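Just the one chain here, the form predicted alone, laid out as structure tokens.
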């Protein structure tokens, strides 16, 4: 009996971006959908809000299509005669509801240049928001780990089999990542977009806390950034921070305090340099 592949975690947006498959396409060997960050997904575990369910079967056949939303997009789920328990669950589901789904991943390409990714569910269970939030947290951590390895792979200069051997001790997804880099023409900008996707997802479960701003330190950093050698005009510092939303009077007071403490000085009247 063949051991089942581990169910991977990926956000809906990344999985929906996946168009690469990898495997021998036989009944005896696992086939994988490779995501842009290199995750090799034979099975996937997803948690979100079940928002839509419809029976799209024809000719007396039952085939349910459902959407499972996470903060980045929505997974598409299909359950028919070979997923009877899942189909029965979907037929009775009252949306919206939090659910956890594990199942096989498939990429359907009806014509060149067009691909659709979906999940054939093996198990669906009702959960609560805390389970959904934990899934977001752990999926975010795993995605960021893959992004870091992908960035190192790009920086290595290796490609193909050479890259696979280079990554073999860094990630179990080495074959997938080396193929993903070529297939998706992966770039640092693309990885940064996925990193931002992760941060956006995390912002839905973590209450934002406004950091305490050390205006004096911000003034010094602004001076150092703008200084080309002769210091920075006082009015340029005030204007720069005013555009960033800081009160000009507070900025002026901060400059005077830094001068009084000796952390900044005036090389000539009206110009500020940091010590």
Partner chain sequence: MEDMIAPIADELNRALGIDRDTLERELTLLIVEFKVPPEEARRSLLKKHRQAAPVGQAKALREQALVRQEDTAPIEERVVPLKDVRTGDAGITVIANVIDPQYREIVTSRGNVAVISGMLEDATARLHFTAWVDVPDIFNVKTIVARDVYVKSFHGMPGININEKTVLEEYQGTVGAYVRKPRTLGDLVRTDGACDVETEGDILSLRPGSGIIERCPTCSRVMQKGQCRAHGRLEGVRDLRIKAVLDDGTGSIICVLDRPLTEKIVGVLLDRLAAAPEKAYETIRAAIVGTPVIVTGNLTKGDYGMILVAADVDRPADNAAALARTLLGELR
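All of these numbers come straight from a predicted model, not from anything done at the bench. Positions refer to the first chain, counted from 1. Between two forms, the rigid core is defined as the largest C-alpha subset superposing within 1.5 Å.
The form predicted together with its partner chain is left out here; the points below concern that form.
Taking the partner from elsewhere, residue 239 is found to have every heavy atom lying beyond 4.5 Å of its partner chain in the model of the complex. Contact between residue 199 and its partner chain in the model of the complex is found at the 4.5 Å heavy atom cutoff. Although the partner is absent here, residue 45 sits close enough that one of its heavy atoms falls within 4.5 Å of its partner chain in the model of the complex. Under a 4.5 angstroms non-hydrogen atom cutoff, its partner chain in the model of the complex has residue 206 among its neighbouring residues.
Between its partner chain and the residues 137, 158, 184, 98, the one pair within 4.5 Å by heavy atoms in the model of the complex involves 137. Proximity to its partner chain in the model of the complex, taken as a non-hydrogen atom within 4.5 angstroms, holds for one residue of 74, 144, 190, 93, which is 144. Using a 4.5 angstroms heavy atom cutoff to its partner chain in the model of the complex, none of 17, 106 and 154 count as contacting. Partner contacts here mean any heavy atom within 4.5 Å of its partner chain in the model of the complex, and among 116-124, 158-166, 76-84, 175-183 they occur only in 116-124.
Relative to the superposed rigid core, the position of the CA of residue 16 differs between the shown form and the other one by less than 2 Å.
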